[in-house]
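Two versions of one and the same chain are coming, encoded as structure tokens; call them structure 1 and structure 2.
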Structure 1
Amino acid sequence: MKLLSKNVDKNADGDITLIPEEPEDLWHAYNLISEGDSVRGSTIRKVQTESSTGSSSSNRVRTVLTIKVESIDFDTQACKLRLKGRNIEENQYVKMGAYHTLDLEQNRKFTLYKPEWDSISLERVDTACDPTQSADLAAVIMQDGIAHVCLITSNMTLVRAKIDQNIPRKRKGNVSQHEKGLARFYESVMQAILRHINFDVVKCILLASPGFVKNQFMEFMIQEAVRTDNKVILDNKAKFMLVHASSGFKHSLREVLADPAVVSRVADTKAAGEVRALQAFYTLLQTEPARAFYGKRHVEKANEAQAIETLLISDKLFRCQDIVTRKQYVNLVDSVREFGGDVKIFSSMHVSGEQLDQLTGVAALLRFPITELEDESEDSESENEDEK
């Protein structure tokens, strides 16, 4: 993300102008913009004009609009952010208060005005504008008949293709259908890789599976590449890395990212860091349950005791519509830091972030045990209970 200007005063209100450069930046924008903020950007508006003869015609005009955001949709596919809201600046084409949908895209400047820029938002702007953040990684996670082709950026895991094909099993005296089915499956996975992975950008492709699927597939792919003289695959052969995973389902990506071989090969990614942090939480929960808590109420109590050493919190909680709740989480983060604790903001677009979301979205590792908390029920997280 490119930062063009930043006018945030002492009262924390003000505006920031940004240009998203990569798909990832739109994810940042999605996390930055809240309902109630104002966003200014260029857009296309259909305008009805009535000629003097009374016939009306409609044409599209490009114009700059400022809207007060009412709803936000993130389209991971097209990598667009769709903001819906009312126009708040009179304009020659659009009346005040008229509804408009503003699309934010790569390489299109926008200005975001917030009545209050809190620490989380400002930090988000900083991370988004840090160019060293991006380390592009791809992963193909597979088992017989199922494969997920994923792109892993520092803040997102995007499933680019999911292949789910039936492979007939081996039957007594007849393995030909099985072997044909397998070949067809490998062919599909290979096509998906060619289609979705940009070898110029991606530095490493993890091929993960249980058993020998990955090895068989790699063999198949190289053979095919030689046969069809596919330079892309042949030139990038060294970028593939074979790793063990217990299944071809997406959540097995956790195991893959935690694999020491992977960690040492690809630079330490945010995704892998999150996997480790969550792992550490579970380990502590196993060995010293009185030092590991989750759920808003428990974590807040632990924070009151200034006990939090590491706070794991999902960015989903900051996208909360309700300003009061959001503020509570922001305060929690600020206060943990104030007492010298470490805060890890998980991306809900990664596998471990998804898991943390399911685990109420917030968890804490404590410096010292608080046994009293163990007996108290964690009933306050009603916002999670009501989710459905």
Structure 2
Amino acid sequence: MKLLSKNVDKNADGDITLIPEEPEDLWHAYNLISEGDSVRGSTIRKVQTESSTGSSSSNRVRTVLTIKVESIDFDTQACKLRLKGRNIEENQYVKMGAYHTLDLEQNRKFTLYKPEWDSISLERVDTACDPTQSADLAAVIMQDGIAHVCLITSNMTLVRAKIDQNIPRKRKGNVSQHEKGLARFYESVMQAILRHINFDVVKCILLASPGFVKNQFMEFMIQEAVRTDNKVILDNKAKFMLVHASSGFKHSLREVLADPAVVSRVADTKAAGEVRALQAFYTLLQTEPARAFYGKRHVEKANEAQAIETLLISDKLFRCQDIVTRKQYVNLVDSVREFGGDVKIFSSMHVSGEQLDQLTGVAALLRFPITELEDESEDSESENEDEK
């Protein structure tokens, strides 16, 4: 994302002009824009004109509109962002108050006005405009017949290709059909890797599977690369890292990213940091439950005691339509930082973020145990069981 201008005054009121340069930048824009904000951008509008003779014709014209956002729709697969709202500035083609849908696109600037830029929104702008943020990690999760080729950016896990092929079983005295099916499957996975992974950007490709599938595939890919003189694979074979996964499905990524060998290899990516923090939370929940809590009420109480060492919070909570609730979460983040705590904002587009969302979207690791909170949570659990 490129920052063109930033006009935010000391009351946190103002506008910021940005240009999305990559698909992931539109994900940042989706997290930045809230209902009630104003967005100014270039759009195409169908205009009907009537000639002096009474005949009418319609033309599509490009114009610049400012709309007050009423609904936001983000297509995660195509990375497209659509904003619907009423026009709030004079325009020769569109009446004041008329509805229009604004499509935010790559390489086309837009200006976002907010009556109040909170710390989370400003931090999001800084993150989006940081040139070091890129999809430098890829993963191929596979098992016999199924494979997912994923790109892991600092904010999203994008499934770029899914390969699902039927492989005939080995039959006594006839394994040729099985081997042919396996070769076809491996060829499809190899082509998906070449098509979707940019080896100039990606530093590491995780090849994960149960059993020896990954080893057999790697062997096949190198042999094919040698046979076809594929320089891309041969020059980058050191970037492939073979790791264990329990299945060929996307959810296995969480355990892959938690593998200590993988963590040390991809230590500089945000995704690995999130997985480590979530792993530490689960470990603490089992070994020292009085120092690990989740749920808004318990986390807020722990914060009042200035006990939070690390706050884990999902970015989904900052897209809340209720402004009061959003402000409560923003205040919680600001307060934890003020007391010297670390805050990790998880992306709901990552497998680790999806898991945190299942735990209410907010959790905390404490500096010291708070037994009263533990007793309180046990009481509420027993009450719930009694009600059942």
Partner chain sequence: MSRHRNVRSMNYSDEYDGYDDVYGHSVEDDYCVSPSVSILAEQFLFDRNKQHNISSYITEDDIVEEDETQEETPLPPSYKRPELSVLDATKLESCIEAIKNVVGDSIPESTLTENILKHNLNSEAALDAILATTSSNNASEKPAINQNNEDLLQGKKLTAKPAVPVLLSSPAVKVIPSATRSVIKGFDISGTDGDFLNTTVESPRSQSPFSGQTSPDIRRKDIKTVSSKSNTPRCQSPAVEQDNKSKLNSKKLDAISLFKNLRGDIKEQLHLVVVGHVDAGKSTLLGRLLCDLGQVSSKLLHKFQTESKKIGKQSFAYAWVLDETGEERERGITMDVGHSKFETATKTITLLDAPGHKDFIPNMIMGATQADVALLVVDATRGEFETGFDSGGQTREHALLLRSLGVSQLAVVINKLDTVDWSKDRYDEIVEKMRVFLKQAGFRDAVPFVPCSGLSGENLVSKSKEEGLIKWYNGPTLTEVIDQFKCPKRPVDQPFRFSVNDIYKGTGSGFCVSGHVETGMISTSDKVLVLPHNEVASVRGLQIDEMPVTNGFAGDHLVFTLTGIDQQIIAVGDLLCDPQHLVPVTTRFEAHIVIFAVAMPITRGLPVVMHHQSLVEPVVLKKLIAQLHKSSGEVIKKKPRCLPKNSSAIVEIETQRPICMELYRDVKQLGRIMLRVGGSTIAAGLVTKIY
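Sequence positions of structure 1, starting at 1, serve as the residue numbers. In this text, rigid core is short for the largest set of C-alphas that superpose within 1.5 Å between two forms. As the structure is a computational prediction, the values presented were derived from the model and not from experiment.
Of these two forms of the chain, identify the one that is the form predicted in complex with the partner chain. It is the first structure (the form predicted in complex with the partner chain) rather than the second.
Using a rigid core superposition, assess whether residue 182 undergoes a CA shift of 2 Å or more between structures 1 and 2. Yes, because once the rigid core is superposed, the C-alpha of residue 182 moves 2 Å or more between structures 1 and 2.
Could you check, with the core superposed, whether the Cα atom of residue 253 shifts 2 Å or more between structures 1 and 2? Comparing forms between structures 1 and 2, the residue 253 CA shifts below 2 Å.
Core superposition between structures 1 and 2, C-alpha change of residue 144 at least 2 Å: Yes, the C-alpha moves 2 Å or more.
In Å, how far apart are the CA positions of residue 165 between structures 1 and 2 with the rigid core superposed? Taking the core as reference, the C-alpha of residue 165 is shifted 4.0 Å.
After superposing on the rigid core, how much does the Cα of residue 241 shift between structures 1 and 2, in Å? Displacement of the alpha carbon, after core fit: 2.6 Å.
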